[in-house]
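Next up: just one chain, as structure tokens, the form predicted alone.
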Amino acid sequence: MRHLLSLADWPREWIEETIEQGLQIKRDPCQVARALEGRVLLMLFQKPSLRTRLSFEVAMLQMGGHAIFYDLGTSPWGKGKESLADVARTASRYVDAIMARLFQQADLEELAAHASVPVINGLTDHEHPCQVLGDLMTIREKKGRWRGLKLAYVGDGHNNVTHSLLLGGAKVGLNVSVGCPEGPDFEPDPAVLQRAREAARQTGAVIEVVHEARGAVAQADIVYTDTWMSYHIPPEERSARERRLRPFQVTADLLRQARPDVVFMHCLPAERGAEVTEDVIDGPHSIVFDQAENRLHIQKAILLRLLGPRAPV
């Protein structure tokens, strides 16, 4: 049984082949127009979503399948009336795959442990593998390669996107420099760093964490940031977090520390004036909407890897 729970679980070959298929699908979407005909994807949501929901739903429709949106807040599990194991067992009798957007990585893993169909991590507080597969596809599309390039992530390093960037970048040979404040609230999870560095030994990638934005961004080919207020962070922490993170705001001045042909990336949604200034995200170096579009193409490739076209009768 193949799942996509973490990029740590996928070998480099799967990552590279899935991205290559995503690029092929983008060039010629008609080649997969009926690839998932008759298939059904259940989409479980515990968190809000724009890109994840739309990209998966449109991907299924454009490949001849169907997607079902299900709000877990209104479900028996969400009301404490049913176990997650029973949700997984029941749903597996009806659908061909499950995409879940949850708070806890442990809940996702429990869902996968009891499902008899592929489970896809549509985001947890710990990882966001679909986002980063799309990001790596975008970097390959714009830069032509991963090896020898430097991606600088600046801001809150203790979040799902940073963790998946570290794991995915290490596996394809992309150097990743995380610039963030000191301390466990802002630094990447040590276990993720260890796994990323183990993968980097196989590809030659450089993985580093620094506590100064300009040092992280120096000579970077890609500069990336994310919101300072992820969904699980209480609103009352905003003021304190902004004080710590303000030196890591992506500004035009900070971007000048990178290479002249640097591209700026953000997984969205963005808060202009917080983690990034308006002139950067809406400026000539920004590729955030190309990045967002590629979520559609990579979701198709992910679904095809996990499900495969149905064999003719």
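Bear in mind that the values here come from a model prediction, so they are computed numbers and not experimental data. In this text, residue numbers run from 1 along the sequence as written.
Another form, the form predicted together with phosphoric acid mono(formamide)ester (CP), is not on view; read the next lines as being about it.
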Next item on the list: Let me know the one among Q62, T52, Q46, Q249 whose heavy atoms come within 4.5 Å of phosphoric acid mono(formamide)ester (CP) in the predicted complex, would you?
Entry: T52
Margin query: Just to confirm, with a 4.5 Å cut-off on non-hydrogen atoms, which of P269, G273, P284, P260 contacts phosphoric acid mono(formamide)ester (CP) in the predicted complex?
Written below: P269
Next item on the list: Give a yes/no on whether R101 approaches phosphoric acid mono(formamide)ester (CP) to within 4.5 Å in the predicted complex, heavy atoms considered.
Entry: yes
Margin query: in the predicted complex, is there a heavy atom of phosphoric acid mono(formamide)ester (CP) that lies within 4.5 Å of any heavy atom of K300, even though the partner is absent here?
Written below: no
Check: How about K171: is it within 4.5 Å of phosphoric acid mono(formamide)ester (CP) in the predicted complex, going by heavy atoms?
Finding: no
Note to self: Please determine whether Q131 contacts phosphoric acid mono(formamide)ester (CP) in the predicted complex, using a 4.5 Å cut-off between heavy atoms.
What the structure shows: yes
Notebook entry, point to check: Can you pick the stretch from 22-30, 260-268, 274-282, 66-74 whose heavy atoms fall within 4.5 Å of phosphoric acid mono(formamide)ester (CP) in the predicted complex?
Noted result: 260-268
Check: Is any part of 212-234 within 4.5 angstroms of phosphoric acid mono(formamide)ester (CP) in the predicted complex by a non-hydrogen atom, and which residues would that be?
Finding: Y231
